[in-house]
Each structure stands twice: as structure tokens, then as C-alpha cells.
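Here you get one chain, nothing else, as C-alpha cells; it is the form predicted alone.
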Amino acid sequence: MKKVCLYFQVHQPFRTNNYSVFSIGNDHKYFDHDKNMRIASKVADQCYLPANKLMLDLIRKHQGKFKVAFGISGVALDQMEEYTPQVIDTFKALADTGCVEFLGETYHHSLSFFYSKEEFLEQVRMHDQKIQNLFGMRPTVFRNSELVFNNELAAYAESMGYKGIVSNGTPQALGWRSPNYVYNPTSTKSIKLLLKNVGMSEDIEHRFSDESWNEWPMTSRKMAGWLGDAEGEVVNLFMDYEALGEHHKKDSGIFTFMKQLPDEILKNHVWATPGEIVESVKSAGELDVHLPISGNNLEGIRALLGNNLQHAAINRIYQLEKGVKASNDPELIDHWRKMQSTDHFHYMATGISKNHSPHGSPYDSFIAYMNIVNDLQLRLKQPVTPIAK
């Protein structure tokens, strides 16, 4: 009997305007309010509201035997509170069931751990407090942005009091091992590592509605069969929540699939949250992940920090930290932190299948980003750095 963990990531960045060089020093209208509101409303209608209703119905139907976990970034929660407060209410209803766990993470979905431990600690504490204020629980399992992980991060999370941490079950990290066990990261004492079963997770998240896939159509019985045949003690299905209704539309059958999946799993297995697995499953051994891995199995860290544009942009934003915090200007600090979201660097990615840039191209994304950084720097009364043509 395996323990099956279903975990959904919920994140929406504050998307920026095409902030031009002529705006520097004249206005601070970095964020596209209308676009953010439209996207928040669309995703709420297509995914968050119907999916949350489904999860609540499943929990009630199975009288607590179905369980689910969420990792919701602070910036996503901020947008829900501003644009779609009814979504917050449905997450509160889920929290009240006692069958839902919320994971800890950086508030702004940032890579701050690798650039500023001080900023990382502040963001994680901000996020923990937000989860506690909204849902009445403190996270005990940590998820870093984009599932980026290494030994050092695990040790740091352990020092902050987390009992577990989640990441991606990539071959680069696992070697010959299976993701269907619990591990202890090298250099830690007791924190446990839960790894995404990439194949089965992506069968749902990415391939579900692909009619050219040789396993299409996916059914709950088929998934339960694959899960039962897999070796190991746990199967972690980690995916973006937007897979339900947004990436795979309602008419694809995704909601029907999810409605039927708990029944099929419960015939032979049990549902468990990450925290429950950490408490109840023994480690199968030590896992050494020295170099960072990420949640993007195919393109890895390259999608975030694979070119000079991305490195230049992320280094510049963290170079402003000391001055921004010394300003004690809440709006300036908030703007600076929103520009740390990994999405901004993903938009600058080159040589990958999709970067979803709202600015037209990776270079346009870089220009808009650096113009905003230069305006932030000007607000600190520091000389700006011109962008090479």
C-alpha cells in the first residue's frame, strides 16, 4: 500500500508594463494592473474556483481519506485578495477541512536563497505569516521556487525548523535511485526530502489532453494502475494547479479525471500530505545533491539562468538590496521584491520551447526589466547603469 501525495503549486507574478527608457525618473508604473486583473479573473474562473470546489467535494465525499497540499506564493495570494477575494474564501474552506496542507516558500517566488540569505529568510518568514494569518496553520514542509534545490538549501530549511522539503526527481539528482522513496539530504540531520515523480506528474500536467500521445486518453484507472506497478513507498504527484481547467480545458475531461482518481487510488493505496509522509515514512537513505536542480525537468536551471541577460538582470536586482532596505520606503521595498519573481528571468530565456514573455522577445523583456531596475536605482539617488545596445 503506497502513500500518494498530490501537491499543487499556485503562482501568478505581477506582470510588468513595457516600461521604457523615457519613463525612468518620471513615473514608477512598473506593473500592468489591467493585465494582472484580467489574468487573475480568467484563471480564477477556469481553474481556481472550479478546482477548489472539486477538491472540497472530494474531501467531503471520502470523509477525510482524500488529502491534498498547496504551495501558494505570497504574490499570488496578494493578487487573489485584490482581484478575486472569492478564491481566498474557497481556500479557507479547504483549510477548515483539516485535509489540506499549505507548504512554505519564498513570498515573492524568488531565487533569493542563492543571492541573499537575509532576503530569503525575510521572504520565507513573510510567507509563513501570511499562511498562518489566512489559513490558521504554519507550514512544516518547504518548497523553494521552481523546486530549485541543493544540499545547502535543505540544511538551511532544517535550521529554520522545517521537517521536510520537496524537489524534483530528476535523473541528475537520483542517478539509479527511484523518486518513490523518502530521502535525507546530505549535510542535514533529520529533514526529509520528497521528490516529484516526474513521469506520472507530467502525464497529468502536460500530456493529459495531447491526442498524439501514445497513452491518450488518460483515465483514472490507468493512472492508478501505473502507480500500483511502480516500485517504492510513496508517489508524489506535483504539478501546477493551472493544469486543471487552464492548461487542460474543462472539455478535455480533466475535471472528470480528477473526480474519479481518488476512488481508484483508495482501492489499494492511501492519500497523504507531505507533512504526513515526512512524519510516517522512514528515509531510504542519504541523497547528495550538490549542484542545484530545478522543477523544469527538460530545461532545468537554463530556463532561469542560462544566458547573460538573465545573469545581468538578477545580479543587478540584488545589488540594490542594501540601499532599498535602508530607505525604509515600503513601496520601494515592495516594488523591488516583486521584481525578484523567477518569471521575469524566465521571460529572458533563449533557446527553449516557451518563455511566455509578455514583452514579445527575451531581449525586450530584458530591456523593460533593466529600465525598471534603473528607475529603482534612481529612486535611491544612485547613478543608473546604461544598457548596451
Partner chain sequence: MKVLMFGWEFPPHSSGGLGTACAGLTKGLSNHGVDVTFVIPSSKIDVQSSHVNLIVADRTKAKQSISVTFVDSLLSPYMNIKDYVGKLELITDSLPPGAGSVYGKDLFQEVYRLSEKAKIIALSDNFDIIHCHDWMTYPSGIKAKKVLGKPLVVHIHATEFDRTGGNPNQVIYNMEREGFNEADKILAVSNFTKQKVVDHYGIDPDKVEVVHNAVEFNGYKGRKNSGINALDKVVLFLGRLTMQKGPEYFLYAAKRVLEHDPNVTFVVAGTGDMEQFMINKSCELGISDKVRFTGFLSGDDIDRAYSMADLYVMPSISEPFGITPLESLRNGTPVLISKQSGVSEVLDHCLKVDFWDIDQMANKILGVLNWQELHTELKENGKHEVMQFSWDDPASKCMEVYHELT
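Positions refer to the first chain, counted from 1. Small disclaimer: the values here were computed from a predicted structure and weren't measured.
In what follows, reference is made to the form predicted in complex with its partner chain, a form of this protein that is not presented.
- Here is the short version: of Ser283, Asn307, Thr84, Asn151, the single residue with a heavy atom within 4.5 Å of its partner chain in the predicted complex is Asn307.
- Proximity to its partner chain in the predicted complex, taken as a non-hydrogen atom within 4.5 angstroms, holds for one residue of Gln9, Thr16, Asn374, Gln12, which is Asn374.
- From the list 334-342, 61-69, 37-45, 356-364, the contact stretch for its partner chain in the predicted complex under a 4.5 Å heavy atom rule is 356-364.
- Though the partner is left out of this view, Val21 does reach within 4.5 Å of its partner chain in the predicted complex, counting heavy atoms only.
- Taking the partner from the other structure, its partner chain in the predicted complex has a heavy atom within 4.5 Å of a heavy atom of Arg316.
- In the predicted complex, Thr350 approaches its partner chain with a heavy atom inside 4.5 Å.
- Taking the partner from elsewhere, Ala312 is found to have a heavy atom lying within 4.5 Å of its partner chain in the predicted complex.
- In the predicted complex, no residue of 96-126 lies within 4.5 Å of its partner chain by any heavy atom.
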